[in-house]
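Shown below, as structure tokens, is a lone chain in the form predicted alone; questions about how it binds or moves come after it.
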């Protein structure tokens, strides 16, 4: 007999998306340019099949239909982001009324259908004018972001109670300033640490502003992609490698967001290598005041590391990989399309860590998902038979359930994503949705996993 998994009452079942990845209408409704619109114009070849962000999944025009589909498949919550460049074209100045109307309509439509909106303020889509001023390297851009956040709280805070300052703030650092997979394609460790630091200053300023707005029943948090670092062995050198990888990729944002301060060991490493960011008086107090109420956890894959085989090239750019090598564990389970390991227990290990070391902060799985290429191969009677996705979600939920049983404060599970969406440089290469989207006609079709999650949501378990 199979075991029954029942989740706590009021569990959040839903999915997550972001503005640039689903809205489309990139040059409509008064929207300003963001870095993705610009980079696509400059270098279309760097995007899969040269598909850019202009139309994506066309949520801008089809949100009513999409919200009906959310309702149909049992969503009670939905995380989306606001496009800063749509709300305030250029990043500063006049608020775009067409954008206000659009987001108001979406929020009202969600609530009318019994779906609570969770709003993210920044999901990788810096207004181009702000990037041209230096982006997160520039404290004036930080202040502009704080002002944008305040406007959003004032416009939508009467109905939206769950707010998130940033989604995966480490990704623009990695992509834009270390590994060259996001605009502005800088490779410079010192600038990367400045961007990471100023992002957390921006976060803290938004949190302080949020609390000044006194939004009734409101909570503010951040969404972090946490990748547990597993050492190859218990050898002290492997353990040290995994600890340092954890410092760079997890604790660099987790500690200031939840505990209000940076890990001393990370500061020391950056100091030893002359990579410390420029700080200002009062920053320490500001970070302490910016501690979150709630944490979104994006989990896709583990990071397995070992001690370095070779000394780093000290004449090359400073990189986290100076301190560890990635390790491919023999026998690991893979998603071959994305090249990512599937390790369901990671979700449990993250939650136990939050319970033991981060005050058991209220949290939820804000993203987890499986991207698969050419899903048309699995069509039967007009429906994509994505049993692999059902298995993927089920196995992760079993480990999440175990964490909750052991006292972890996990409140929900959101899949990445509702419907197949445009994925940064990968465009529509890998599909992640409960709902398939025809890139040409934009027709929506429920996959097998959509019917499965509907039942899970209705029974609050499986």
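Numbering follows the first chain given and starts at 1. Keep in mind it's a predicted model, so treat the numbers as computed, not measured.
Another form, the form predicted together with 6-O-phosphono-beta-D-glucopyranose (BG6), is not on view; read the next lines as being about it.
The single option of 55, 436, 423, 409 touching 6-O-phosphono-beta-D-glucopyranose (BG6) in the predicted bound form, heavy atom within 4.5 Å: When 6-O-phosphono-beta-D-glucopyranose (BG6) is considered in the predicted bound form, the option within 4.5 Å is 423.
| task | Using heavy atoms only and a 4.5 Å cut-off, determine which of 124, 183, 392, 343 is in contact with 6-O-phosphono-beta-D-glucopyranose (BG6) in the predicted bound form. | result | Exactly one residue meets the criterion: 124.
(Q) Looking at heavy atoms inside 4.5 Å, which stretch does 6-O-phosphono-beta-D-glucopyranose (BG6) contact in the predicted bound form, given the options 62 to 70, 415 to 423, 397 to 405, 44 to 52? (A) That would be 415 to 423.
Given that 6-O-phosphono-beta-D-glucopyranose (BG6) is not shown alongside this chain, does residue 301 nevertheless sit within 4.5 Å of it in the predicted bound form, heavy atom to heavy atom? Contact with 6-O-phosphono-beta-D-glucopyranose (BG6), no.
Quiz item: With the partner left out of view, is residue 167 within 4.5 angstroms of 6-O-phosphono-beta-D-glucopyranose (BG6) in the predicted bound form by any non-hydrogen atom?
Solution: Yes.
### Task
Consider residue 432 of the chain shown here, and say whether it contacts 6-O-phosphono-beta-D-glucopyranose (BG6) in the predicted bound form, taking contact as heavy atoms within 4.5 Å.
Yes, contact at 4.5 Å.
message = My question is simply whether residue 137 lines the interface with 6-O-phosphono-beta-D-glucopyranose (BG6) in the predicted bound form - judged by any non-hydrogen atom within 4.5 Å.
response = Residue 137 lies outside the contact set for 6-O-phosphono-beta-D-glucopyranose (BG6).
Taking heavy atoms and a 4.5 Å limit, what residues of 8 to 43 are near 6-O-phosphono-beta-D-glucopyranose (BG6) in the predicted bound form? If the 4.5 Å heavy-atom criterion is applied to 6-O-phosphono-beta-D-glucopyranose (BG6) in the predicted bound form, 8 to 43 yields only 21.
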